[in-house]
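Only one chain comes next, encoded as structure tokens, the form predicted alone.
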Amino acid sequence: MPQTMKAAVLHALRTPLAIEQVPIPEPGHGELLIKVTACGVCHSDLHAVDGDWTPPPVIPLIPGHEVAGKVAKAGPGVTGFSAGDDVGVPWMYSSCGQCEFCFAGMETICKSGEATGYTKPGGYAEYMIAPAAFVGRLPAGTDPYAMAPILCAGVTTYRGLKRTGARPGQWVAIVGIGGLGHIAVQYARAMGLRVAAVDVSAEKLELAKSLGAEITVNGADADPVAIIQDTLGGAHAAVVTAVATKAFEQAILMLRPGGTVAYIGLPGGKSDEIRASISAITNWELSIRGSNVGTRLDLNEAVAFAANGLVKATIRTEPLERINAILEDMRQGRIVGRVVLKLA
């Protein structure tokens, strides 16, 4: 094994990533060294690079948290993994396992949790370290490029849909048909839900329609609230994967009485606030729920949907050297589906 690896490194917020050679890390107790094959590029990576969130990421940083690869080496104390196993690494790098939230199966909100590609080095590199207890197992022979987005976009939207409590046959509005949203449409359909897709891009709405959305609404041309209320009497649930403040505010208004909206997208910066009618929320008993990535159980379930062919990300692959151009395309909203980096 070589002693150094290629990686994309962020040395200062709001600056281009540097492609350079860095030492290959050595796995410690309970850790795996993973040879990265593929890493999806998520909008959260852009937030990290641009310093949109508080607290900011740990610098220097190797971003990336949609990682598919193979076990290269197991550290001391690791059982159940062997070299060559297909694995995935999600955003949730670890949790403490001892707090009230971890005990309650809510490890995604553990206050001591670490994040892959934010507080810990991620997958924009040829190798990375991850705790074996939080590494996802992928079926042998799985296409790593197709599976990489499931490790974040997949598990995140799947959990968001679960948290709305929507039942088969009910309507869910997917607001934002980007890297997460186009996958959310598929999970919703696989879960027996009927989908209304909302975006401001005709191209993205065409993708949503091809993936099973029965209703598509272009918010640039029409009022999505009026259309969904007039056509459906309101949605039973909504999932917001967009990052525009208006999308979050409109999603509440799309609900029918007793409906629930799950917020997934993260605007960051000064736009991280919404205005909502307290009386409408109270009188119609509406619910607003946050949904933060997914637990290990959510991850296993989300992977199973994809492995069984029920969900498939629309992707294009790019070399690591193009990461800065890819991030700029993301800033400008030019990406349809998901970009996945080829590391192997």
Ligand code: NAD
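Bear in mind the structure is a predicted one, so any value in this text is a computation, not a measurement. Numbers for residues come from their place in the sequence shown, where the first is 1.
What comes next is about the form predicted in complex with ligand NAD, which does not appear here.
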Heavy atom contact within 4.5 Å of ligand NAD in the predicted complex, the stretch among 81 to 89, 131 to 139, 149 to 157, 225 to 233: 149 to 157
Mark Thr116 yes when one of its heavy atoms lies within 4.5 Å of a heavy atom of ligand NAD in the predicted complex, and no otherwise. no
Considering non-hydrogen atoms and a 4.5 Å limit, does ligand NAD approach Val200 in the predicted complex? yes
Taking any heavy atom pair closer than or equal to 4.5 Å as contact, tell me whether Ala244 reaches ligand NAD in the predicted complex. yes
Although ligand NAD is absent from this view, report whether Lys204 comes within 4.5 Å of it in the predicted complex, heavy atoms only. yes
Looking at Met330, Ile19, Leu13, Val22 here, can you tell me which has any non-hydrogen atom within 4.5 angstroms of ligand NAD in the predicted complex? Met330
As a check of understanding, the residue in Pro121, Gly259, Gly265, Pro144 with any heavy atom within 4.5 Å of ligand NAD in the predicted complex should be identified as Gly265
Neighbours of ligand NAD in the predicted complex among 51 to 65 [non-hydrogen atom within 4.5 angstroms]: Trp53
